[in-house]
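Only one chain is included here, represented as structure tokens and corresponding to the form predicted on its own.
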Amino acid sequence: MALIVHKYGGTSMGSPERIRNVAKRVAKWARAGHQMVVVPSAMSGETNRLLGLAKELAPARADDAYWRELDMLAATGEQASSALLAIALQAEGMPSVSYAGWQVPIRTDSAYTKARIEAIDDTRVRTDLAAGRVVIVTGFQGVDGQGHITTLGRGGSDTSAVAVAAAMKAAECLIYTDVDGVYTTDPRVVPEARRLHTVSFEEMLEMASMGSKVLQIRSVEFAGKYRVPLRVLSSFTPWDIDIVEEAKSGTLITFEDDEHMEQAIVSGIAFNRDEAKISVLGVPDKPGIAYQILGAVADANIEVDVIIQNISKDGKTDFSFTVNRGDFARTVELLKTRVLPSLGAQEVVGDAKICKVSIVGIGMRSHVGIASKMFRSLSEEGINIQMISTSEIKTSVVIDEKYMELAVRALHKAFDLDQPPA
């Protein structure tokens, strides 16, 4: 039979009873003849608890020594859940073994709290699989070239699972979550949101980057690059559901040329509250200014999203961009202390109460007027657009955070996303 990778999120691992159900589900797949690799997250809330303890002891610092210890601390959550799952599987009569990322090893760079996977040595895992064991690998973590434990950032267990599936050429990677698939938008915001049976990798990549929380963006990047079949499904279905039925449930993340793809113009509405806007005002309008601003930000390992430069007036311009809200204060401080003095700009201002709302769909490539329809729908609701970003298959707007849910509902209705595709 096939080599299958299962990934279970924090809510799926949230209690001994839930871990026991995960063990029963994994054992069912193993007894059906599949070689099983399982990547669990930490138990729900555990990572926040651990990082909260660190914050009680000392405020965040910019030095590597501090971030190294945060990774050492945060990595223990996944180690605990992996060991507990192995114990639960053994109680089910299923031979199993758990490994931390450094034991596999999963090699990463040294960017603490935001490390990227560079290579995976699957020799040890394959030896255990050949011996009939279920192998459990901690998600979210790896080891750098100096032997230091690193973590991949929030949602990194998705990335770990897909990277393991890619390295081992797994037949499929099943991502078990607390939802039963990918929806046209968050059902908590729009109750009429519809589950998609299939969605392209390209659309899922845009939706993940635009704020959809179903999958972590780097996991989708891995899946698309290495063509790993990926499926999102619920861990809260009965564990003894028929394996054939289970293997077809949820949402399949597939390739655009799949003849069964749902060919909607707009497939979904993504949104992200965790954004902040920063503007550098009165910037001299000359070559190299964008690099001076964003180069310093990139050197601090801060990711930039939407970027806008205004039209020059009297040799001056304004330069605006968005960052993750968690990086807002650090970015403003960086610009004020290191960039502004040498830039000749007037001031740095920011707004941490904005959000980004995006429409996504591969059908946008072959249809005109989609962006204008989006803008009209927002205008009719009295919502002002602060920034706009586009690609072939998405249009994003930055708006005041208080209008986010209104915007999502209006756009979902405007593009008939509550209706199944024709």
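Treat the numbers as computed from the prediction; the structure is a model and nothing was measured. In this text, residue numbers run from 1 along the sequence as written.
If you look for the form predicted in complex with a small molecule, you will not find it shown, but the lines that follow are about it.
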So, Gly10, Val179 and Pro187: all three within 4.5 Å of the small molecule in the predicted complex by heavy atoms, or not?
yes
Of Tyr183, Phe222, Phe319, Tyr112, the only residue with a heavy atom within 4.5 Å of the small molecule in the predicted complex is Tyr183
Assert contact residue (the small molecule, in the predicted complex, non-hydrogen atom within 4.5 Å, options Leu174, Val280, Leu85, Val214) equals Val214
Note: the small molecule not shown here; in the predicted complex, the stretch from 311-319, 340-348, 187-195, 288-296 having heavy atoms within 4.5 Å of it is 187-195
I'd like to know whether Ala163 contacts the small molecule in the predicted complex, with contact meaning heavy atoms within 4.5 angstroms. no
- Message: So in the predicted complex, is the small molecule close enough to Val199 to count as touching (4.5 Å, heavy atoms)?
- Response: no
Applying a 4.5 Å heavy atom distance criterion, does Met207 contact the small molecule in the predicted complex?
-> yes
